[in-house]
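Let's start with one chain on its own, the form predicted alone, as structure tokens.
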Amino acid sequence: MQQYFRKTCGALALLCLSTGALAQEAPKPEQIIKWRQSVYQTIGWECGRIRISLDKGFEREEVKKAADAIAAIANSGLGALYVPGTDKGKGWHDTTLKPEFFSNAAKATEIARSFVKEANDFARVAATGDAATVKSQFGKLTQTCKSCHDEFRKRD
């Protein structure tokens, strides 16, 4: 478990170092969009692992690993991936970020803070191994994702 957490933190550290190395030359919006899309793809993968565990018989260690990864990502400074101008363009695919994200900073900040809080709470709850509490807190976490999607994500 700790090894998985260390690897996740190590990967995030490499991402931070690589972005720090690029600080002298600002990354292009397309690169920032790619990073953002990659982060949320990872969160989606971790949430999928949690759902499978909750549906197929609670596997505490798997849920704990995924919860720790989500919390690490939530606390990694995701705001740096929301640079004006990244509501247009393409990363791995066209961005789905609505321009309203930048004109409604208060709402975006509120949702982001809620996500960080719920991710941290979920990591703590996942460590307890109480399946009912884990399921309840996972619902709170995914509700923060949904609220951001509802507010700031373009529909296909």
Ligand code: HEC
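For clarity, every value in this text was computed on a predicted model and none was experimentally measured. For every residue, the number given is its place in the sequence shown, counted from 1.
Omitted from view is the form predicted in complex with the named molecule, to which the following refers.
Enquirer: Mark K64 yes when one of its heavy atoms lies within 4.5 Å of a heavy atom of the named molecule in the predicted complex, and no otherwise.
Expert: Looking in the predicted complex, residue contacts with the named molecule do not include K64, since no heavy atom lies within 4.5 Å.
Enquirer: Even though the partner isn't displayed, in the predicted complex is A126 close enough to the named molecule, meaning a heavy atom within 4.5 Å?
Expert: Residue-level check for A126: no, no contact with the named molecule.
Enquirer: Flag Q41 as yes or no: does it have a non-hydrogen atom within 4.5 angstroms of any non-hydrogen atom of the named molecule in the predicted complex?
Expert: Result yes; Q41 sits at the interface with the named molecule in the predicted complex.
Enquirer: Even though the named molecule is not shown here, does L97 get within 4.5 Å of it in the predicted complex, heavy atoms only?
Expert: L97 belongs to the contact set for the named molecule.
Enquirer: Tell me whether Y82, C148 and F152, taken together, all sit within 4.5 Å of the named molecule in the predicted complex, counting heavy atoms only.
Expert: Yes.
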